[in-house]
Ligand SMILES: Cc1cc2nc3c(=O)[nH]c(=O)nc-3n(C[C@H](O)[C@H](O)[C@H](O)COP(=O)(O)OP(=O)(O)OC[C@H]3O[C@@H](n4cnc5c(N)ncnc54)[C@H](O)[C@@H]3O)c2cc1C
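Only one chain is included here, represented as structure tokens and corresponding to the form predicted on its own.
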Amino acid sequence: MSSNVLVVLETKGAGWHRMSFEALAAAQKLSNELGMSCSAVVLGEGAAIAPLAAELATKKLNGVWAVGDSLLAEYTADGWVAALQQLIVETKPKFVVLPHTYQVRDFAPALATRMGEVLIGDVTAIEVADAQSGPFFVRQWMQGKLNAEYRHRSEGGVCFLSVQAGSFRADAVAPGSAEVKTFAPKLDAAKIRTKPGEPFREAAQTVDLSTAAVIVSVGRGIGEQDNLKLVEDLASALGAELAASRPICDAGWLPMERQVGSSGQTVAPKLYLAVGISGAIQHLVGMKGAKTVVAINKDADAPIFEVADIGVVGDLFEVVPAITKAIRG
């Protein structure tokens, strides 16, 4: 079972890391536009990854590789690099797509280097003018102020890329059916130099906005901290998470864990309500993956309206309470 595009999915506990299916969506897009086949791979201990491989087999893929070994039961960079290198040599993909997670940032540069290649990291878009000239991979510079296009130039080598959170939608993954095959890498315990410890867990109070389906985000237009209750009530009525632009968090009005933007969290909710947010590029970087954006701002020329699906030009102190009242009936 060979593939032109191979996507490496990451697990978390007994399930998937939230970015895995975003990477799968990116891989499917790349393979579709280039007219190539696409396969997926999951690594771990054999019995543990069997149900995950079976789930992947319900997606539009050429095949699914279950790469199993007792030395892969817990993540180590050495183990993942050795196993994936062997699979890549065996299957000879042209592109290897990964989610841009902390784990991938740990092992993927070493894997690419081992293969004599480089990693194009944190890709936000894939552009294919025609299959013959190959794809461009878009990365952002200067906190999203500039976009740069990268093209893989290595003759006959593998192109490694990781995709930024929120840049591709997990719900865009196409269903289908695929064959599951097992791959047993030859691993040497003596060459795995690190021992896995307890998985990193952030503070208990930390909010993971990246998993929220609905977000109400507030900016400087709220005026002062005492006015936050307006957007808190709207978020409560919608069952949404409350977020903010950087000035709100810098002022200490909301904790930093609720900041959306280039120096905060990257989100991709089904609905993003931007209340009193002008739309600076640093903020747009963090919420560009939202499926539907509703903006409320009194400035008709605010940049946020350029990305909004629905724009309300008006005084948020009148508009927000009216929306909250309508939702609550």
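All residue numbers are counted from 1 along the displayed sequence. Just so we're on the same page, rigid core means the largest C-alpha set that superposes within 1.5 Å between forms. Predicted model, so just to flag it, every value in this text is computed and none were measured.
Another form exists, predicted in complex with this ligand; not displayed. Remarks below refer to it.
S.K.: Please determine, with the chain shown alone, which of 240-248, 148-156, 90-98, 187-195 has non-hydrogen atoms within 4.5 Å of this ligand in the model of the complex.
M.R.: That would be stretch 240-248.
S.K.: I have Gly46, Gln85 and Leu111 flagged as a candidate spot, so tell me whether each of them has a non-hydrogen atom within 4.5 Å of this ligand in the model of the complex.
M.R.: No.
S.K.: Of Leu56, Cys38, Ala26, Val260, which residue is found within 4.5 angstroms of this ligand in the model of the complex when only non-hydrogen atoms are counted?
M.R.: Result of the distance check: Val260.
S.K.: Would Gln282 sit within 4.5 Å of this ligand in the model of the complex, counting heavy atoms only?
M.R.: Answer yes; at least one heavy atom of Gln282 falls within 4.5 Å of this ligand in the model of the complex.
S.K.: Is Gly314 close enough to this ligand in the model of the complex to count, meaning some heavy atom within 4.5 Å?
M.R.: Yes, Gly314 is a contact residue.
S.K.: Does the 4.5 Å heavy atom contact test between Gly221 and this ligand in the model of the complex come out positive?
M.R.: So Gly221 counts as contacting this ligand.
S.K.: Is Ser278 near this ligand? Define near as a heavy atom within 4.5 Å, in the model of the complex.
M.R.: Flag for Ser278 set to yes.
S.K.: Just to make sure I understand: among 93-111, which residues lie within 4.5 Å of this ligand in the model of the complex, judging by heavy atoms?
M.R.: Heavy-atom contacts to this ligand in the model of the complex: Tyr102, Arg105.
S.K.: Align on the rigid core first; then say whether the Cα of Ala14 has moved by at least 2 Å between the shown form and the other one.
M.R.: Comparing the forms between the shown form and the other one, which are aligned on their rigid core, Ala14 does not shift its C-alpha by 2 Å or more.
S.K.: Superposing on the rigid core, do we see a C-alpha displacement of 2 Å or more at Ala25 between the shown form and the other one?
M.R.: The answer is no; the displacement is under 2 Å.
S.K.: Does Pro247 shift between the shown form and the other one by 2 angstroms or more at the C-alpha, the core having been superposed?
M.R.: Moves: yes, 2 Å or greater.
S.K.: Did Pro303 and Gln164 drift closer or farther in the model of the complex, going by a CA distance change of 3 angstroms or more?
M.R.: Closer together, by at least 3 Å.
S.K.: In the model of the complex, the Cα separation between Thr124 and Gly279 changes by 3 Å or more relative to the shown form; did it shrink or grow?
M.R.: Distance between the C-alphas of Thr124 and Gly279: shorter in the model of the complex, by 3 Å or more.
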